[in-house]
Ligand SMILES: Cc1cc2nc3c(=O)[nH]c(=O)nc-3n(C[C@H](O)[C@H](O)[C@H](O)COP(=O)(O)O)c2cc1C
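Take a look at this single chain in structure tokens; it is the form predicted alone.
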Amino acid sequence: MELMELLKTRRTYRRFDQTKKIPDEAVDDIVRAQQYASCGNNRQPLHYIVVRDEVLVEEIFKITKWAASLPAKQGQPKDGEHPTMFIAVLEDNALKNAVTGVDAGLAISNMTLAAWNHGVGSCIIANVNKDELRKILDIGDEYTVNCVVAFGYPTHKSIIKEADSGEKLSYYINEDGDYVVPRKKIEDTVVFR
């Protein structure tokens, strides 16, 4: 896929075809993509747990909250729409610093772009019960949980709509069941000097 189209169409997806598993080749690219991300002082403070086991995926799904801008019945994936893979993003407490959050953002962006290049959608979820996640994945105290990223083959579209100045920016679901994501116009966010 051409880069700008990949960037434009790699959106957040929240409903997946739960019967369609992510092939090893795509998972390998997703994992490799984080290795290529820039990071502050090249400290490489992040670690990842890739969860593909169906039972563990469902346990993690139960401790996540989705789509804060929507009513729960609209935002939370229903049975048959759950992701088929999660990646837990962890910060090594001995290596993290003031820009570790930026490092995580860059790595997650690389992983979700690599996934979308295979047609695999994703959703970055900070609203996860981190204490429960520690128990489920046996995460030691030497790590801080940053977030989890859900992956799967989307069953809906996620469309960018250019927002007018002052327009509400919350995403919503249109009459076709697709997510619409208002984005500010370039001239409302960028100044050239």
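All residue numbers are counted from 1 along the displayed sequence. None of these values were measured; they are calculated from a predicted model.
Beyond the structure shown, there is the form predicted together with the named molecule, which is absent from this document and is the topic of what follows.
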Within 4.5 Å of the named molecule in the predicted bound form, heavy atoms considered, which of Thr144, Asn127, Thr155, Gln44? Asn127
The named molecule in the predicted bound form: within 4.5 Å of a heavy atom of each of Cys123, Tyr171 and Arg183? yes
From the candidate stretches 66-74, 135-143, 51-59, 27-35, select the single one in contact with the named molecule in the predicted bound form, where contact means a heavy atom within 4.5 Å. 66-74
Does the named molecule come within 4.5 Å of any heavy atom of Arg14 in the predicted bound form? yes
